[in-house]
Structures are given as structure tokens and as C-alpha cells.
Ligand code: GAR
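One chain comes next, on its own, written out as C-alpha cells in the form predicted alone.
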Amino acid sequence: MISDSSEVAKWRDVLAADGKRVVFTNGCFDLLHAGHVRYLAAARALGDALVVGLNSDASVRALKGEGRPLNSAADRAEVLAALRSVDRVVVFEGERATRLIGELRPQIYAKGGDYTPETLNGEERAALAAVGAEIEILPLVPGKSTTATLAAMQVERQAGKFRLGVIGSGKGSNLRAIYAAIDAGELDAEVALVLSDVADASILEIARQRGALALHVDPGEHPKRLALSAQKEIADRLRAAGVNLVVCAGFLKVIKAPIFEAFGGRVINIHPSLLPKHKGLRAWEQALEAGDRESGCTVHFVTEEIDAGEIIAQEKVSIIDGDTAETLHARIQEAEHRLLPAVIGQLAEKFS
């Protein structure tokens, strides 16, 4: 049955008064497959009734990009409501089910095995804790996923263009350089997705002006590391966009396992020094303080050790008398804007 949240909340209270427990799960369910059907049946078995929170069309677009949803919310809700395991379907606005969780107060919350309690969105996890819901992680059905299905459908499209996922924290000058190389016919690629841990970062506005999907990911509270939920979200969004290569362009957070597991060997970074010298932040200042006569930039593969992955290419920049941090950094950025698109072009030939 398709219902609004107030109706379901009242129904939940009737069930609770009779000692029965409501299970809640949420998602886009854009392309229903056997994995979904088995997952929902397993979720229903955890309690006495199952409520599915279904992302609206607008929220699916925000999460998955302008090409989604494949099916309207009305059609997705109708299909879900027809399943024997599903007792109620509620369509909700916004990317997160936080408000719906607070209204429905489920006793049990179910999520698929591509999550852990720690990688659930922090906002939703807090809402679940507030209502005292138990979190149950259900195993994935091997070989059955929307991502795999869409990837198979997108093979021909992806073969035509090398798809980039760019993540950054700042002004986006290297993203501008990538677009410039594409416009000049020097780089046969397309920017499929741009993500940032900074909500008002200029790199997002650059992408939006070019018509690319550009999204903010809540990084969590740590100043240097991404929360596990953010790592998971970034990996999921990059997979959903059909990305061939992940480009870190001024991204200031350390990335870990979820992204590497999804894109192992296909994550690169541009760093403003001649690695292995001067790792970490503000490397051009480190070069000046060390009295170096040259600096430069490095494109390298990203590993869990900061600025330690295999070097792909470098460009040297001379340090001249009278250089300040600002003048040196400006010349290094000019080199970055040449080097990064050139390396992406080389990798496009290798990975295509």
C-alpha cells in the first residue's frame, strides 16, 4: 500500500500497542531486480511489518545525476507495493530519510551489506539512535545490483568517452584546465561527476556551469580524514556515474579503503612538489624553506599512504631569486595545468 507518512505513523502505533515491530528501509529502488526482492523479503522477516521509504524523483536526481531516475516515483512505488514482503511505501523528499525516521519511529532499520553501521549516513544514524531503532545489516545478493546492471547497459556509451570523476576542496583551477584541454581537442574525455567536501567550493560551481553533476559530500567532523560514511558515499556516487578514472584535484582529505576497493589503481592526484620531496600541505612553502633551487609538480597514483603512490609524471619549475610563496605557487599551478590533462590523456589510452 502506498501511504503518506502521517498515516503510516498512526498505523505503526497501532501495531506497537499490539506488541508488533515495524522494520524500515529506504532507497531509490530505481531499477528493481532480484537482489532487491530478496533483500526486502529478508528485511520483512526481521519484524512484523515492513515500511519502505522511497526517494522522490527530485532526490534521486540529486543523488544519482540528471539521467536518473529511470522510472518515476509513482511507478517505483507501485512496483514495490505489489511485493508480498512490503506492507507500506512512503515517498519522501530530500536525499536523506532523517525526517521520515523521526516520524515513523521504526523499531528496526534494515540496510544492505554494502554498508556497515559506521558507514551509514551520520544524520540518519543519529535519527535512528534518537528513536531507539535497532540497525540490521543484511547480506548482498552476489551478482545482483543496480550498479552492475546499469554498468552493463552503459558499456557502449562509456566506450565512446573516457569518464572522469573529479574530487576537490577548493577553487578548481585544475578542473578548469581539464575542461580547457577537452575544449581544445587535446583530451578525449568527459567530466561525469565532481564531488567536494566543501559545500561552497568553487570547483562545484565550475562543474555546474559546464552542466556536470556536482555534489557536496558531508565529510564528517575530523579536519583531515573523511568519515567512513563519506568514503562510502563518494565511492557509491563515483560507481553510479560510471567513472573510469578518479582525479584528486586539490582534495584536502585523506581517502581510505571504500574508494580504493571500488577504484583500485585508478585514483590519481596532482601534488605541488617533486615527490618524494615535500609531501603534505603547502609543499611550495616547504621547498622555499628548504632552500631548494627547483620545485615542480607530480601526478601520482593515490594509496593509503599520503603522497606515496607510484609517480606517473613530473614537471620541474625553477625557483628564482626573490620568489615568494605566492609567485612560486602560481608558476607551479601553471605547470599543473599542463601536466594533469596530459597524464589523464595517457591513462585514457591505457584504461579504455
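Computed from a predicted model, the values in this text were never measured in an experiment. Position 1 is the first residue in the sequence shown; the rest follow in order.
One more form of this protein exists, namely the form predicted together with the ligand; it is left out here, but the text below deals with it.
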One stretch from 95-103, 218-226, 188-196, 246-254 that, in the predicted complex, holds residues within 4.5 Å of the ligand by heavy atom: 246-254
Close approach of Gly280 to the ligand in the predicted complex, 4.5 Å, heavy atom: yes
The ligand contact in the predicted complex: Ser173, any heavy atom under 4.5 Å: yes
4.5 angstroms heavy atom contact with the ligand in the predicted complex for Gly165: no
Proximity of His271 to the ligand in the predicted complex, heavy atoms at 4.5 Å: yes
Output flag, His329, Gln333 and Glu336 jointly within 4.5 Å of the ligand in the predicted complex, heavy atom basis: yes
